[in-house]
Every structure is written in C-alpha cells, then in structure tokens.
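Next up: just one chain, as structure tokens, the form predicted on its own.
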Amino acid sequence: MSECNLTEGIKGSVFNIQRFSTEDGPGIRTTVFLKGCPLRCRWCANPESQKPSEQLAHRASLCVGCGSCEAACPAKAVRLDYAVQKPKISIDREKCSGCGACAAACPAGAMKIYGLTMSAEEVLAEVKKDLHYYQRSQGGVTVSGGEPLAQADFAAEILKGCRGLGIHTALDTCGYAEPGELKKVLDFVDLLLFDIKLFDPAAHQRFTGVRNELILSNARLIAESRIPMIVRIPLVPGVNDSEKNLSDTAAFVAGLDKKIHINLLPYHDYGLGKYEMLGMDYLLTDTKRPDEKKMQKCREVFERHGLDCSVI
C-alpha cells in the first residue's frame, strides 16, 4: 500500500471518528462523521451533526456546580444560577461561539464541544491505526455525517487518501446535494450507503425539511455509475412505515437495479439525551421502536418486489 498525494489546505469539521464500527458497511470499519446536514429529520439520532459550526453540549449529570465554565467563557454565554438548590448552568446559545474555553476549564467533563477542524492528513492518521483490522475483516473506512456531501471536497480528500492506502471506502449519504458535489466523491468510493427516508416529496419535506426530488435523482445517478449501493431506510412508526410508502420506495429501487440490497433500520431514541445537552427539542417523544413482527411485515414488502432486504 502507498499513500497518494493529498491536496494541501483542504480541511473540514469532524464531530466523531468511531473505530471498530460494524454497522456502516462490511467488516470492521472506522466511521468518520462530518459535521453539517441540510436535513432536519425529526428522528435524527445525531443532533450534534446538524449545524456545520462547533456546538457546546452540557451534561447536567456530571456538573459539580463549581463555576469554572462561567469564569472561563470570554463571551459571557455561560451562567451559573446559584438561586436554586443545586447550581444550574444556563447557556446563551446566541452568544456562544463554540470556542471551547468552558470545556477546557470544566474539571468534571460536563462541557463538551462537538466539532473539530481537521485536515485530511489528520483524519488518515487516525484511520491508519486500524489497518490490520480492515485487512483481517475485509472492512474499511466509511465517511458519514451529518451529510458528508455538505463537505464534498473534504470527504473526497479523505476517501482518496484511503484509496491510496488500499482501504475499502464507503460513503453514507442522504443524497441531498447537487450532482456536481456527488460526482466529486464517486471516483473514490467502493460502496454507497444511500438513505431513502420517504418517497412522497411533500411528506419528505414535512418530516425532514426538504423535498426529495434531488435525492431520487442522485440515486439514479449512482445506479448508472454501477458503484454498489445499499439503500438504508430508517423505519419510523407513523412517519414512513405505511404499506404505500414502502411499496412506492421498493418499486423505485427495483426500477434502478434489483441487485440493490435494502437495510431496514428500526427507529430508536438513543440520541434523546443529546438534545437536552444541546438545548434542542426532540419532536418524537411518543414514538416507540417497532417490534419484530412489524419489521418482518415491512421487510416482506421489499421482498415482493424482488429485492433482498435485511433488518439491521
């Protein structure tokens, strides 16, 4: 394996690099999560991924009420309220610049900044730590988000660097990007993990904030490229689990290529605590995870259209 030459000066915002990942493509992988997403899916499990800029999170359960964060904040965005039984932190998120001074000063680790500016070289330095595992498990690296195509140049540079190291590459995308941005990465991608959340454009806009014509168009573009693609569908009760939505989606995918595999991902609320830490509202508080019987019924819709389908 040999490293390829990377373009100098290209940097991006990363909110997590998850090693030993087994859910974002084949084998043992490292998933690089890039910050920023044009969608606002109501069920989003990574709310820290949505905004492109750095975000301050506060975990109240770890806070000892020492006031170090308030003293360290240059923008006076953090305030400690002593007029309650247990001192309580309040954050003026309009003032907060995400500089991280409060997080650096916090002795209990209750403050955290999501978002770190990195170069492709720095990302690859992390990736290379697990080369042995990729080789042994036929794994690799997945660039995810947020929406990685919101940082297409940076994503392409990471993927290109991985290719130079002989590492299998995958892109996990919702597909909402101009075709030119998508084409920047296709030459460096071995596998596309492509989300299709809802088929009806109006319903898609209602639950994600954007229509889906561009997404479906990009799905066609990928199918024409002949790059292997797995369509992933987060199954959210009351949102996209109707027979009509699943059947329409299945017909669309089968029309692209019946060799495309479908992954159904049952809804979960594992990211609920992050919303509180970030001062954000979670809108699906009454939604429950679908049971195995429901997931099997949904799976059968895709199988009737001649598609292989798995519940993840």
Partner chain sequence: MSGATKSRANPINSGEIDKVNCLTARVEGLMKRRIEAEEHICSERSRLATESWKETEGENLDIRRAKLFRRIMEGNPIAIREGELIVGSQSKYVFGASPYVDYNPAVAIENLKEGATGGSSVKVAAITEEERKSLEEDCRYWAGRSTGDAVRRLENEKFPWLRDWAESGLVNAEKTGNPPGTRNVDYGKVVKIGLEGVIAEARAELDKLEYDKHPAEDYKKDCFLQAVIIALEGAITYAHRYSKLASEMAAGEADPVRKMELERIAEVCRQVPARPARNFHEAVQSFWFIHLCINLETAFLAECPSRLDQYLYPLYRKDVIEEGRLSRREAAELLACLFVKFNEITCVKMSYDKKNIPGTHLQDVTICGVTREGKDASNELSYMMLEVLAQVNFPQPPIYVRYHNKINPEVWMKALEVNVRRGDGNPAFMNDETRILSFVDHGIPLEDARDWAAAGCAGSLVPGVSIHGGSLGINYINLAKVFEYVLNNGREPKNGKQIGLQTGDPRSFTSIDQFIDAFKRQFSHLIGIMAKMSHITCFADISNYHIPFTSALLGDCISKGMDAREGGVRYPQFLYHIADRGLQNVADSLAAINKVVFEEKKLGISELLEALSVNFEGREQVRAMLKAAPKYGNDDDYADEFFSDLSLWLQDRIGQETNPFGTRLWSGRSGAVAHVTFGRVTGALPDGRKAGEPLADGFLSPSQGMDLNGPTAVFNSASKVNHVQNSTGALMNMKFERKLFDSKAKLSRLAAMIESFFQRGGFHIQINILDRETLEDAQKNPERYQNLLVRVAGYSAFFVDLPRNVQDEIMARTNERV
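Note that this is a predicted model, so its numbers are computed, not measured. Positions refer to the first chain, counted from 1.
Only in words, not in the display: the form predicted together with its partner chain, which the text now covers.
Interface residue remark: residue 27 is counted as part of the site for its partner chain in the model of the complex, having a heavy atom within 4.5 Å. Put simply, residue 66 is close to its partner chain in the model of the complex: some heavy atom of it is within 4.5 Å. Among residues of the shown chain, residue 116 is not one whose heavy atoms approach its partner chain to within 4.5 Å in the model of the complex. Looking at residue 22, you'd find a heavy atom of it within 4.5 angstroms of its partner chain in the model of the complex.
The stretch in contact with its partner chain in the model of the complex, judged by heavy atoms within 4.5 Å, is 131-139, chosen from 131-139, 157-165, 208-216, 94-102.
Of the residues 108, 75, 80, 203, just one reaches its partner chain in the model of the complex with a heavy atom at 4.5 Å or closer; this is 108.
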